[in-house]
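Here's a solo chain for you in structure tokens, the form predicted alone.
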Amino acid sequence: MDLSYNAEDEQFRSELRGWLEANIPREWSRPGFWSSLDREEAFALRRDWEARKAEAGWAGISWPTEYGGRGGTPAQKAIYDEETVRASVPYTVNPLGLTFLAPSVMVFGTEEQKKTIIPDLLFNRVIWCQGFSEPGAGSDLAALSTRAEDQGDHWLVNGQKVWTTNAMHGDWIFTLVRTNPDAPRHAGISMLLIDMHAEGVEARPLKQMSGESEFGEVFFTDVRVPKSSILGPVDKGWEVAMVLLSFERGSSAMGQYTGFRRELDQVAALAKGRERFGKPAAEDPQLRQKLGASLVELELLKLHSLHILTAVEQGRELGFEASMTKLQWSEAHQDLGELFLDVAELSGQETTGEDFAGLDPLQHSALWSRSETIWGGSSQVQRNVVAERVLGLPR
């Protein structure tokens, strides 16, 4: 495992850090700035920022140059993730399109799809959401029932999707539908690209425990979809989806590590400033043990991320080993959220403002972390994958 970056990668880090320092508005790092904005205003500001990054050449870091990317190495993408988190750059408004769809279009897309979808993603002109989960098909994705019937010159789509990130902001959705109901469970599924503004498409928000509505449910009622709006071969959508998901699970978690490590420092500082049994909470033996355990857990995440990064740089196929990354970072962050609530005690459960608008960033992160062991493949599913496909244990 390589624990260092080469000179070229460090030069990339230096250039990126300099550009970020020169271009990020100082007010963005002011405590409470983002929570003081209307949610739609904040979304528009983040969207504009990403477009400016792309114009300056700081988007699509590891994408091939022929698609407008920088042609960077996996190490440079990991550095980009680290530095943007360290600089408090707001989280992307188009994560599903940039992480999943764009590289999948590069693999499966027609030339026309590559020419239209990828540039609009790179410059954030089109926001994409993902339609996989359904009320009766969550972790068992192959049980999906949304149907697309062949009508000759178009598909006719009917069904429902749920837990759809960016449903309320999405312009388009890439979604799995059943195109052959008589085929075996994992066959007869296709990946359709559907205009969210088309007649018959309805998105409804789902309120989260943080007060936000990043998720939504999407209903399709007799939606006409052009035959050309399919990614990959007809009835081969399961294979397309597995490749698509590998682009998330096969990546290094250095960005997550950097953000979580900063949160741990903030929790430790909070413990020093709070009193427990007449002493600073940080002196409580049980709490100190929990703080130390969280630090060890995060440092192991860092080492695992460097292991994954080294493997990718060497051209190794990660395969099902990538499930370990999702399992490790999601559970490490959830443990950190619980640690914050241990330190903050009852004050960590208090909210101010209407509709949770006054949530402390650590409160928001702790609430959000509850979902991380579910979406993107639940921890139970990931453990089964690791046990069967990595360790070779019997079913």
Ligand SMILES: Cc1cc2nc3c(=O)[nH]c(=O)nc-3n(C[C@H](O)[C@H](O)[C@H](O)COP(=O)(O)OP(=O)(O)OC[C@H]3O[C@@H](n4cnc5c(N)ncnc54)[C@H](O)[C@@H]3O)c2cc1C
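As the structure is a computational prediction, the values presented were derived from the model and not from experiment. Each residue number is its position in the shown sequence, starting from 1.
One more form of this protein exists, namely the form predicted together with the ligand; it is left out here, but the text below deals with it.
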Of these, 180, 165, 229, 99, which has a heavy atom no more than 4.5 Å from the ligand in the predicted complex? 165
State the residue from 73, 266, 208, 160 whose non-hydrogen atoms include one within 4.5 Å of the ligand in the predicted complex. 208
Among 285-293, 129-137, 83-91, 114-122, which stretch has residues with heavy atoms no more than 4.5 Å from the ligand in the predicted complex? 129-137
Any of the heavy atoms of residue 238 lying within 4.5 Å of the ligand in the predicted complex? no
Test of understanding: in the predicted complex, would residue 247 fall inside 4.5 Å of the ligand by heavy atoms? no
My question is simply whether residue 18 lines the interface with the ligand in the predicted complex - judged by any non-hydrogen atom within 4.5 Å. no
4.5 Å heavy atom contact, residue 368 to the ligand in the predicted complex: yes
Suppose contact means any heavy atom within 4.5 Å; which members of 25-62 contact the ligand in the predicted complex? none
